[in-house]
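Before any questions on how it binds or moves, here is one chain, the form predicted alone, in C-alpha cells.
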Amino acid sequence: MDHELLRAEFPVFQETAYLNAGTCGPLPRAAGAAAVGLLHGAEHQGRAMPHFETMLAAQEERRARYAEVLHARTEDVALTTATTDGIVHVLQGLSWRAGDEILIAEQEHPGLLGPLGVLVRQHGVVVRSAPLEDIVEAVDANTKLVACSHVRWTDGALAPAGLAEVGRQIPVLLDGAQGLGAVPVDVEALGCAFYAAPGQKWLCGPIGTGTLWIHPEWQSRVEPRAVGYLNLDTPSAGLQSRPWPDGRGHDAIATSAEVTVAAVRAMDVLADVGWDAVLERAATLAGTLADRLAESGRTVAPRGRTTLVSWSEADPKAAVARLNEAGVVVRDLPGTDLLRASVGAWNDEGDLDRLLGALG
C-alpha cells in the first residue's frame, strides 16, 4: 500500500499525532468535501426531490460498503446510527421471559451494559458475566443469548474463536465497535447471529453512522421496533405497509444525506487502498507500539492482534493532558489506570515517536 498517499487524505496529521480512532476515526478530506458540497447545494437549490434521491442512493451505497467489510449480503445489513443503536434493535426486538439468561463478558462497554440494564428492568432477564477468555466455557443450559465484544474496548483482547461453535447452538451478539474496519470480519465465520458496529471509528465516517448485520435465520425472530418511511418495503401501501423482512427492516428511521455521502466517501478512501492492506498495517503498527511501550518499562495490558494498545500510567488524566499539549491524542479509560492508543493504517512511526517522547 502507498501509506503516504493514504495519510495525506487525513488533514489532522498535518499537526497532530492522532491515535484515537477507537473513539472517532480521523475524517478524510474527501468525506468532509462530500458533505460540504451537499450542504452548499441545499443552501442554493433547496432540498426538493433530487436532494432526497441523492440521499436514498447514498444509503444503498453505504449498505454495500458495510456489506463488503462484513463479508455479508447487502440485504442482511441494516443502516444504524451507532453500535448501540444496533444492539438496542436486537435486544428490544427479541422475545424475552422473566428469568431468561444473557451471558456477557467482564469489562463490557456501557453501550452494551446500558441496554441490558433496561432489559432487566423491563422483562426480568438475568445477566451473568464471565471473563472474556472463559466465556465459551461459561455457556450453560440456561443461556439464551451471549453478548460480548468482538474486540474488548479496554485493551484490544479478542473474543475467543470458540464462540463460533457456541453460535451453532444459541445466538451470539457481537459488539463490533473496535472490530469492523480494525480487524478482519467475516460474520459467517464468526458464527454470530448479530454483529453491531459503528461507522465513525475505524471506518472514519461521521458520527451518527453504524451498521447491524442479522443472520438470515434470525431475521424473522427480531421484531423491528422503530418503523418509518426508510425501512418500509412499500411505503405507499399505507396501513398495509410492512418493514423489509431482512436486515433493511432495522434501518434507522431518519438519516442525513450529508452524513450518508460522507460515510460512503470515507470508506471509499480505505477501500481504494485495499482492506487487507489497511488491516494488516494497523495491526502490525499497533504491535510495534506495544513492544516499544514495554521496552520503555511500562506495563502493557494483554491484548490480541488488534489495533488497541493500553498501558498503565500513575495519573492517566494528567498524562492525557500532557500528551494533548504535545499534539498527541489518546484517551484514558475511566475507573482504571490505563491509557489507550488506537493505531490505524493512517498512522506512522513518527506518531509513535511523538507519543513515546511526550510520555518521557
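Numbers follow the displayed sequence, beginning with 1. This one's a predicted model, so the numbers in the text were calculated from it and none came from an experiment.
From this point on, the text means the form predicted in complex with a further copy of the same chain, which you will not see here.
Residue contact with a further copy of the same chain in the model of the complex: residue 305 places no heavy atom within 4.5 Å of it.
Not displayed here, a further copy of the same chain is kept clear of residue 298 by more than 4.5 Å at the level of heavy atoms in the model of the complex. Although the partner is absent here, residue 88 sits close enough that one of its heavy atoms falls within 4.5 Å of a further copy of the same chain in the model of the complex.
At a distance threshold of 4.5 angstroms between non-hydrogen atoms, residue 127 is in contact with a further copy of the same chain in the model of the complex. Residue heavy atoms within 4.5 Å of a further copy of the same chain in the model of the complex occur in exactly one stretch of 134 to 142, 252 to 260, 268 to 276, 174 to 182, and that stretch is 252 to 260. This chain lacks the partner; the member of 158, 227, 164, 170 within 4.5 angstroms of a further copy of the same chain in the model of the complex by a non-hydrogen atom is 227. In terms of contact with a further copy of the same chain in the model of the complex, the residue from 75, 188, 101, 223 that brings a heavy atom within 4.5 Å is 223. Remark: all three candidate residues (23, 109 and 206) come within 4.5 Å of a further copy of the same chain in the model of the complex, counting heavy atoms only. Taking a 4.5 Å heavy atom cutoff to a further copy of the same chain in the model of the complex, the contacting residues in 41 to 70 are 42, 43, 44, 45, 46, 47, 48, 51, 52, 55.
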